[in-house]
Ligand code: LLP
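One chain follows as structure tokens, the form predicted on its own.
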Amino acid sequence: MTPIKYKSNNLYIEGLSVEKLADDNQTPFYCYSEKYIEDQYQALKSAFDMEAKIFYSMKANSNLSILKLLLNKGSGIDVVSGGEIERALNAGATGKDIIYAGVGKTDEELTYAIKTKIHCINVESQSELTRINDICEKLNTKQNISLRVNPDVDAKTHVKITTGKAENKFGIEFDYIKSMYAIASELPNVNIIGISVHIGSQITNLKPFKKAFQIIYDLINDLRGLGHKIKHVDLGGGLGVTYSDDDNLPTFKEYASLIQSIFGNLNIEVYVEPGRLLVANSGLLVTRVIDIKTTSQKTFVIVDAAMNDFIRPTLYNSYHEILPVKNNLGTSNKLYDIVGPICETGDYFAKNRNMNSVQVGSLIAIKSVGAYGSVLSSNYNSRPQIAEIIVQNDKYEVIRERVEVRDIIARERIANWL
């Protein structure tokens, strides 16, 4: 059930009026539904008839409250940097809750991960494997690892978020994977426990998953035949979410059933790493109309949010539904471009969009921003970093304060010779 809906022409998130949030907090701001995230996690967990461990991919939204919420539900955390390890630990995770992925891990990050005693490092290259072994030798310890396979499978998603083709930077080429396991098995300071694959994000069809998973299934049998102990298979994430009513996506049950049909007889732990899937549709970006500008070509609705706050539309050409917070000005037959105030033509949220009427001062809400919204934001044009809010039924809490320009400037220095 969606947590975002109209009541008497007023937009609500859970039991709280979005207008009330905007009365209390300066626009623009992000707000998230706690219940939606909990429900998504539980629905995915319940879809499996076999034991499957969820590791939330925190790059989608790394706010400490989101992490804590999911840790409380029993989730692990998938991280891709030393900074994300530190965030996960600050949210209450322990090392055993964490899997460390990512194509470019520095020695400093690997040392931090190993000292943290994280559950597993997904290894991306022979060089990385050697560095992990050498660091462990210096620390007089051993580290659990899996190797990430690039199965050369096209996920049929946006070119910037596909990760499983041979031309992508991610994973170890399939033809070299058995020799890499052989090399790893001879290293005294690493402990092989699994195998990893992730082919991309926002995948809207099960066929690419099926192809990749069958390749991994056969590979696991081959590796076990060669004497390697493959205790878990990490299948990554990537199952798409609904951004518009036209999206027709596989259900959680269909996704889980596919996984069970392939790996159910292997006596193996299954890990999945959803990110966007759990948080995307929990969120709104609430912004206020600054101006409405009509030219001979267009009608522009100019709002106080901008591409520095939410870059997905210009980065990925992504679609996000946009709603007036008070839906009481009637329908409109106009097509609008909803844009921000930044000095870039790419500063837009929607083009040629039908939307009910708004006026200067109206609040509007951009939907499906819980994933890759705040985490991709910047201070471009010396704009403040906006607040994040979490909603629980009819109450809310600010979970990241707005960072004003004076605070940003305070971190800079004018060189002594100037």
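Position 1 is the first residue in the sequence shown; the rest follow in order. Only a predicted model underlies this, so the values are computations on that prediction, with no experimental measurement involved.
Omitted here: the form predicted in complex with the ligand. The next part is about that form.
J.: Whether 52, 105 and 194 jointly form a contact site for the ligand in the predicted complex is the question; each needs a heavy atom within 4.5 Å.
T.: No residue of the spot touches the ligand in the predicted complex.
J.: Counting non-hydrogen atoms within 4.5 angstroms of the ligand in the predicted complex, say which of 324, 82, 275, 208 makes the cut.
T.: Here the answer is residue option 275.
J.: Scan 64, 376, 47, 355 and let me know which has any heavy atom within 4.5 Å of the ligand in the predicted complex.
T.: The residue from 64, 376, 47, 355 that makes the contact is 376.
J.: To test your reading of this chain, name the stretch in 66-74, 357-365, 380-388, 53-61 whose heavy atoms come within 4.5 Å of the ligand in the predicted complex.
T.: Correct option: 53-61.
J.: Heavy atom to heavy atom, is residue 32 within 4.5 Å of the ligand in the predicted complex?
T.: No - in the predicted complex, heavy atoms of residue 32 and the ligand never come within 4.5 Å of each other.
J.: Under a 4.5 Å heavy atom criterion, is residue 316 part of the interface with the ligand in the predicted complex?
T.: Yes.
J.: With heavy atoms only and a cut-off of 4.5 Å, decide whether residue 281 touches the ligand in the predicted complex.
T.: No - in the predicted complex, heavy atoms of residue 281 and the ligand never come within 4.5 Å of each other.
J.: Hey, in the predicted complex, is residue 150 touching the ligand, heavy atoms inside 4.5 Å?
T.: No, no contact at 4.5 Å.
J.: Quick one: name the residues from 201-221 with any non-hydrogen atom within 4.5 angstroms of the ligand in the predicted complex.
T.: Read in sequence order, the residues that approach the ligand (within 4.5 Å, in the predicted complex) are 201, 202.
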